[in-house]
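This document starts with one chain, in the form predicted alone, laid out as structure tokens.
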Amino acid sequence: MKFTPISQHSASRKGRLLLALTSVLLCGTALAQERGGTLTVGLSYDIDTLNVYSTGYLGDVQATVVEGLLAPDRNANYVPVLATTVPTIKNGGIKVSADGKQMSITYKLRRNVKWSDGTPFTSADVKFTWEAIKNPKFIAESKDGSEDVSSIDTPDPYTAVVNYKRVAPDYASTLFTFGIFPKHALEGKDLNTDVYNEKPLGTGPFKVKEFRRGQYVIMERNPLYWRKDSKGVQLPYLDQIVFKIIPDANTLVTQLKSGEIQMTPSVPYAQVTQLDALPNMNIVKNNVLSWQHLDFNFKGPEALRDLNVRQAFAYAINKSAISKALGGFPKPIDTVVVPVFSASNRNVVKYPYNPTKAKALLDAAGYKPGPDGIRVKNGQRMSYKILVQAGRANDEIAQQVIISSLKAVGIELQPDNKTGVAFREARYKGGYDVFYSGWITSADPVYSVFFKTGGVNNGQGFSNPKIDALLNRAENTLDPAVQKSALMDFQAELMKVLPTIPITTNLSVIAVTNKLGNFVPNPTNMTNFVNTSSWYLKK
């Protein structure tokens, strides 16, 4: 499974734990869907690559080109895409071995699907995708799921049987959902350098016409797209989608007002009121599977490896002040499993805002205020760099509140904000002292990518054997009761050792022209662009 920072990929399992999401449907009332037109979208982050498995950001652009076997819908339920059905134990698509340690999944594939170059899509592409991703020479952002597969059988062009080494409850949100690679175009190629990274070949509704790094990506209709509407009209309706790279929040809002862009999937909270007043703009508030967090680098300053210091950080941070500074949209939380899930543990150790207690913890740890008010121990000042993605207005506002809160107890935080590849590299490699950002996940998340020893998103270098064991138990069973129990225990232990401080949940605010029909927001890390084929612009 892919987890991404909100630049934009919890305790619940698909179809098992309660998922209470509020989604807003903007279909518009139109007599008929109009064909044609160009939708211009503003993205607040720079794009590193168009390879969905290599990017360190949300795959907004990639989702219009590349399709998987399944995809989550607006309610975070998986639905078939290139597969004809969602495999389950009940329909015979999932079979667990007699000893309960392995499983196989059979995907029945759609017929008459073509890649945008006209080559038929087959089960050979599914098998090749696994082989390409697990290849150690391929430097991917995430290879989650590839290591769990022992083999793939392709008895015919429209059947793929995926054999797993373990029982994998997260199968639907890993490699075969995020996208399939075209075997005929990539076999024998270096996926790290191939032109595919600039111009991916897909089965989706659009294809890449032009990609100018740091500027824009122009997508044009794929005339060979397989999907049709209820009247038999071939999709997509739109001629083009243009993604403009606009990292500066003020510029993004200015271009929304002027009509230079008609949509942005991430409106700064401070700008919501003025955009909501525009007569031609709809503001969509979308509950997403996401939370903000402050992480400590365990490979960094020695003080941050002291539990007393981490607890002092937690007590010093005024989460309510952060929520208020962001218009009240995000809500304070106490655990990394967001509260929409029934496995969110409300009985974890909590760290309510208490600067007096924070100071007492720092005093007990031997950190005394220096002449300038910043605490010192053995000649080491408590002065650290805090990483935030540059240009993310919401995060930069929260960063200032955190800096102010920590200064009040004698800890100095200096902004170290980065963008593009520099931000991505710092996040993955631990190029920070403390790191403030957000994660958005799939409907059946795997927390080991964040908190297990060596996890792909564990750039902070955190390692804890008890956490590892609890995550292994949660992530190797199809029994929802076992999953929930392990996840509840995991959260309790995580908040005791405190490698991360959960700050707030997230509400995604999307600005979109009222001329766009059939737009439905998506709460998962598959992005709001996972199903653009039916979008249309009203004349």
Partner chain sequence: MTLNYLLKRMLGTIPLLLGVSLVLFGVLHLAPGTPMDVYADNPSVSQEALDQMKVALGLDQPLPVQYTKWVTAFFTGEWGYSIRTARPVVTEITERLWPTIILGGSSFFLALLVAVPLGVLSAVRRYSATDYGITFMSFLGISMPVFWLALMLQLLFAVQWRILPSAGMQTIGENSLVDLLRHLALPALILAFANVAGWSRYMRSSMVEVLSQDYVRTAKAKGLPHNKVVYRHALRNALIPVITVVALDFAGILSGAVITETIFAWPGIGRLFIESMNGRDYPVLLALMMLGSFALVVTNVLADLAYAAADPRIRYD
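Positions refer to the first chain, counted from 1. In this text, all values refer to a predicted model and were calculated from it rather than measured experimentally. Here the rigid core means the biggest group of C-alpha atoms that line up within 1.5 Å when the two forms are laid on top of each other.
The form predicted together with its partner chain is left out here; the points below concern that form.
None of 131 to 139, 157 to 165, 307 to 315, 220 to 228 except one has non-hydrogen atoms within 4.5 angstroms of its partner chain in the predicted bound form; the exception is 131 to 139. Annotated contacts: 244, 260 and 420 all touch its partner chain in the predicted bound form [non-hydrogen atom within 4.5 angstroms]. In terms of contact with its partner chain in the predicted bound form, the residue from 346, 111, 101, 213 that brings a heavy atom within 4.5 Å is 213. Just one of 192, 91, 151, 85 comes within 4.5 Å of its partner chain in the predicted bound form, counting any heavy atom, and that one is 192. Put simply, residue 493 is far from its partner chain in the predicted bound form: not one heavy atom of it is within 4.5 Å. At a distance threshold of 4.5 angstroms between non-hydrogen atoms, residue 428 is in contact with its partner chain in the predicted bound form. At the 4.5 Å threshold, heavy atoms of residue 354 stay clear of its partner chain in the predicted bound form, well away from it.
Although the partner is absent here, residue 250 sits close enough that one of its heavy atoms falls within 4.5 Å of its partner chain in the predicted bound form.
Once the rigid core is used as the reference frame, the Cα position of residue 260 differs between this form and the one not shown by less than 2 Å. After superposing the rigid core, the C-alpha of residue 161 moves by less than 2 Å between this form and the one not shown.
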